[in-house]
Ligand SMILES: NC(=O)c1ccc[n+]([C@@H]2O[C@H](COP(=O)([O-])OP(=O)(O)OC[C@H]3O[C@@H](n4cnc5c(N)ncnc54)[C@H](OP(=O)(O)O)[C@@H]3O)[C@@H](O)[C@H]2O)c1
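Take a look at this single chain, the form predicted on its own, given in structure tokens.
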Amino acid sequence: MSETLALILGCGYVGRRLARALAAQGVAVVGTCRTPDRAAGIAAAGAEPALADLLDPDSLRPLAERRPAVVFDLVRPLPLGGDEYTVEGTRNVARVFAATPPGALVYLSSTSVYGRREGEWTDEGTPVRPSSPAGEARAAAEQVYLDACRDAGLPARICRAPGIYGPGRTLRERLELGAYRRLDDEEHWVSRIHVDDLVAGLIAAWRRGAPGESYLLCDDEPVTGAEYAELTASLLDLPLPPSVSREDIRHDLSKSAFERRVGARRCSNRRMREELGVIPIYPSVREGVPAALREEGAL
């Protein structure tokens, strides 16, 4: 096994930030994509691009043969159309890498596995009760890895993230275009995490996490959706769009997209801080959003 090789499956927005951070630590990185047009962006992040499709296990075996120290699976359950998803790609990864196990496999999941929480505090002990097809697929993918950990010794750990933001992932464009729809629900609590803090959490889950464990990666202070929009608009000196009710958007979104908007989960990062040793650089959106907008060149 190469102690200095990391494999990132699905090297997109989060994966490229992760690749840069790993490269800065002296770790060689291979990042996968399904189409050649993504290769240049992966290379620019300091990783070696590789074509792979999780639905094709033959494309994964040469990567497993390189015996990476860690595999980061950042691939979402693949959509089949409408609100249907498959986790067959996850099963392929589990089978291939259980045969030649890395030192760790870190799966990036989502807090959608918890379903609606109506503003209640949520942590790793909260029951998994997804309320959307996307959340159900996430929970199924997690279970694939937990079963492979238990039955085949695959050293998998689960990282659940809420809304991910950062440069290129702010409300700026939607506010500028007038496309953002602001809920009038004052109890619409949302936890978030800046992409760089998420990257730190993923690396810590590799180095300090334990097989079979789940870790919730989020910032210190949930805010309401209204606060998040008001903060971004005020920093950019943009008007806020009029607020709309839940019913106004229910029929315009898929079930998964609607549940993503109204999940109202306030998440605790206690285990991230105490067990993984990750202290967020951006403890709330009040620090993170201005930093992201500055990196975008908007401030």
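We number the residues from 1 along the sequence you see. The structure displayed is predicted, hence computed values, not measured ones.
This protein has a second form, the form predicted in complex with the named molecule, left out of what is shown; the following refers to that one.
Highlighted residues 76, 161 and 169: every one comes within 4.5 Å of the named molecule in the predicted bound form, counting any heavy atom. The stretch among 229-237, 52-60, 267-275, 22-30 whose residues place heavy atoms within 4.5 Å of the named molecule in the predicted bound form is 52-60. Looking at residue 10, you'd find a heavy atom of it within 4.5 angstroms of the named molecule in the predicted bound form. Of the heavy atoms in residue 14, some are within 4.5 Å of the named molecule in the predicted bound form.
Remark: residue 109 counts among the residues lining the named molecule in the predicted bound form, judged by a heavy atom distance of 4.5 Å or less.
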